[in-house]
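Presented as structure tokens, the chain that follows is alone, the form predicted alone.
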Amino acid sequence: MWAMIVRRLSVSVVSLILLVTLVFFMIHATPGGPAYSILGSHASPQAVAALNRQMGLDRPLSVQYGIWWIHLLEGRLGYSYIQHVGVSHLIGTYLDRTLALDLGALSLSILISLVVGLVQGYWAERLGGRVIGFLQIVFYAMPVFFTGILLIYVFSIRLNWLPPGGIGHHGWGARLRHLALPVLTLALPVSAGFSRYFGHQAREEYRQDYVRTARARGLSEWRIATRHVLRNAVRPFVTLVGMMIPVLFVGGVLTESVFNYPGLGWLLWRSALDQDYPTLSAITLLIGVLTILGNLIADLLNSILDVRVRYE
């Protein structure tokens, strides 16, 4: 098991190095260089040269690459010349909002997926299982912005239960109320995909001999589902959850736009429009690091859940 952990960590470190290197060269591949992107295409050569000296872009590429790594290890992600603030501070301002949205949506998606998947696996050959499968396809195919607008119309305009957007500034209760619709909007398509996959795994487990043996011993269906089927069907599902982290973030970009929710997705969209390349590269790095960490955690959890790995 320890050998497997070392292998996974080694792969993650190599992936991280490749990610940082790729982002570095992507920045320098912009037409005219980063300075032209910041100052605009009509900037004078003198202004571009001055900014290149200020940013250290007049040094050899190998030196810039080394400085790039040093700055990253020190937590210095550059300076946004568009918003006139350090990128680290800028991301820190929006990060907690995006984490609240994404973690809330992920937690709700997992909860819905496990419950719906177990029921779908149990009802595999019944009408109820087919209805669940149809609803999964519908929710998975619905665009995030359409789902968000539909929820705003129902819960904000018609029922007046929840606010249609913003973040709320008057305590945790107000923040949770403002967060409810964005979390539900992001969780619905994700849970549809999750539950469909987990439902297939659960259906296969229900067909195994150990389930028939458990029923012959008189165990209740609830205990069979939670103590046996759930544990065996959840291992491949854990890997899928780890791989969905970047998908959640991309979906969060549209969700934050629909609900005017100022998070990292909103910042990414604004940075793309403003050609704020330091901020864009920092957010890209953050998404990549979260993806690598998500896959690493999923692999480690799979190893813990898989008894065979412990005895390798």
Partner chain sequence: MNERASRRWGFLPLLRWGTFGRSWRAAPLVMSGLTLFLALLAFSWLGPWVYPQSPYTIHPHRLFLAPSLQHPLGTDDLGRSFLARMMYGGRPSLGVAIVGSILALLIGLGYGMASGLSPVWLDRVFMRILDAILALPTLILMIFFAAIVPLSPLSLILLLGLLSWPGLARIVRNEVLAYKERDYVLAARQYGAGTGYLARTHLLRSMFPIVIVNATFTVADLILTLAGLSFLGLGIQPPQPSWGGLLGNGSNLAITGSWWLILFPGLAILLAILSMNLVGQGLLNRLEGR
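Rigid core (definition): largest C-alpha set, two forms, superposition within 1.5 Å. Positions refer to the first chain, counted from 1. Keep in mind that what you see is a predicted model, and the values were worked out from it rather than measured.
Keep in mind the form predicted together with its partner chain is missing from the figure; the text below concerns it.
Three-residue candidate spot Y153, L254 and W269; every residue lies within 4.5 angstroms of its partner chain in the predicted bound form by at least one non-hydrogen atom.
Proximity to its partner chain in the predicted bound form, taken as a non-hydrogen atom within 4.5 angstroms, holds for one residue of A49, L273, I70, V63, which is L273.
Residue in contact with its partner chain in the predicted bound form (any heavy atom within 4.5 Å), chosen from A174, V131, V138, V115: V138. Residues with any non-hydrogen atom within 4.5 angstroms of its partner chain in the predicted bound form fall in just one of 175 to 183, 155 to 163, 102 to 110, 89 to 97: 155 to 163.
V23 belongs to the set of residues with a heavy atom inside 4.5 Å of its partner chain in the predicted bound form.
For V11, a non-hydrogen atom is located within 4.5 Å of its partner chain in the predicted bound form, even though that partner is not displayed. Looking at Y277, you'd find a heavy atom of it within 4.5 angstroms of its partner chain in the predicted bound form. Although the partner is absent here, V119 lies well away from its partner chain in the predicted bound form, with no heavy atom inside 4.5 Å. Core-superposed comparison between this form and the one not shown: the Cα of S257 travels less than 2 Å.
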